[in-house]
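Quick setup: one chain, the form predicted on its own, written in structure tokens, and binding and motion questions come after.
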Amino acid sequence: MASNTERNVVVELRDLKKYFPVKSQTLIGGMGDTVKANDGVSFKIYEGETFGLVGESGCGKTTLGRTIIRLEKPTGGQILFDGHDITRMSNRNLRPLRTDMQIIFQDPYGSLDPKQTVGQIIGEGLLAHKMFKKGPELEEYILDIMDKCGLDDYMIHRYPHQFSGGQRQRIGIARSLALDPKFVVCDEAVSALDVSIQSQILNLLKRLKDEENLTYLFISHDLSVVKHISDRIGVMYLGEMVELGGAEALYNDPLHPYTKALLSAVPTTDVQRKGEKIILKGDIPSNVHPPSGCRFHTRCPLATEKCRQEVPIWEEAKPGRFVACHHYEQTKEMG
């Protein structure tokens, strides 16, 4: 694989922010509080890679994925997609780029229209973007996409309720793949499936990535799944990125205390694995009023007064390894 400096950048985020307003509790109106779902996120996703994004529920992973492809409008910062600044691009100007950015949703049933057949679901985007007209040519193309995704021809006239969860997710994948995208957000794409079906869908995604030259943002709370499919991994906590690095390097040598705690909780059959499960004390703070300094300091076993007062900078601690922690050199001592 080429070095990052030689590879094309598909997505670049620069200090991206996405806030949601909270209704004011006062009777006199005025500005209410805001939920800081994403607060100053910066990283690049390179062509042909799978970028894994992990973190606890509520950390802002899904919001980030939706904001990148402009299903949500960013509050601040910048989004560059395939060389285009789409941060504040109008829907009209964004429309030609829509085919290049697609999403696979978490719920394989709720994301499909129950009143449409499989053929209609997959063909809807093709007709909307005028890539095909109704007719034999469209049906032939849909059948070809279905075959690539492991769906038999006879399924084209069936409805979502007639399929299993794994088959429904294949339909969702086929719908995204039909538009020949460059970049696909996989938002918890296997979390609602049985473990045996998860492996089938993951293998399908990996095969399609190679065959169709796709680039993925793979969002999940399951670190074992992310390791299986990702080239690089970013770790989020309370709306911020706390660590980023190659999959193997991050798993073997986590730099951030939060990353190490997450990894210690991953089930394993390796009896040689050293270290005990690290229990994080307390609940995740509110992202309406996040803690001062390092947002993780309220749960971090390495926290000092500096952590409570100063925001850690996002720095390259090792080649290709980024972290935001005042005491990342002490992380090895945990557990």
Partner chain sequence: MADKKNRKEQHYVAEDQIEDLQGKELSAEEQRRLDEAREKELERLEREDVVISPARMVWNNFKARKITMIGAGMFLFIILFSLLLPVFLPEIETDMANRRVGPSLFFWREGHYLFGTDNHGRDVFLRVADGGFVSLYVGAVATFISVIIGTIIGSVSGYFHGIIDNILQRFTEIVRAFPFLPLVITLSAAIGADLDEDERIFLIMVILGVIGWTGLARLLRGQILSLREQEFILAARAMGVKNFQIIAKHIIPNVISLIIVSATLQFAANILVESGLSFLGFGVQEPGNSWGLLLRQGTRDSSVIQNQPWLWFFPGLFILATVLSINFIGDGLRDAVDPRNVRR
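As the structure is a prediction and not an experimental result, all values here were calculated from the model. Numbering follows the first chain given and starts at 1.
FYI, the form predicted together with the partner chain isn't displayed, but the following is about it.
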* Contact between Tyr159 and the partner chain in the predicted bound form at 4.5 Å, heavy atoms? -> yes
* **the partner chain contact in the predicted bound form: Ala265, any heavy atom under 4.5 Å** => no
* Does Leu71 reach the partner chain in the predicted bound form, with heavy atoms at most 4.5 Å apart? -> yes
* To do: Look up in the predicted bound form whether Leu223 has a non-hydrogen atom within 4.5 angstroms of the partner chain, and give yes or no.
  => no
* Every residue of Ala192, Lys209 and Lys227 near the partner chain in the predicted bound form, heavy atom within 4.5 Å -> no
* the partner chain in the predicted bound form: contacting segment from 159 to 167, 193 to 201, 257 to 265, 74 to 82, heavy atom within 4.5 Å -> 159 to 167
* **Heavy atom within 4.5 Å of the partner chain in the predicted bound form - residue from Glu137, Asp113, Glu248, Asp147** => Asp113
* Asked: Out of 80 to 116, which residues reach within 4.5 Å of the partner chain in the predicted bound form, heavy atoms considered?
  -> Arg95, Arg98, Met101, Gln102, Ile103, Phe105, Gln106, Asp107, Gly110, Ser111, Leu112, Asp113, Pro114, Lys115, Gln116
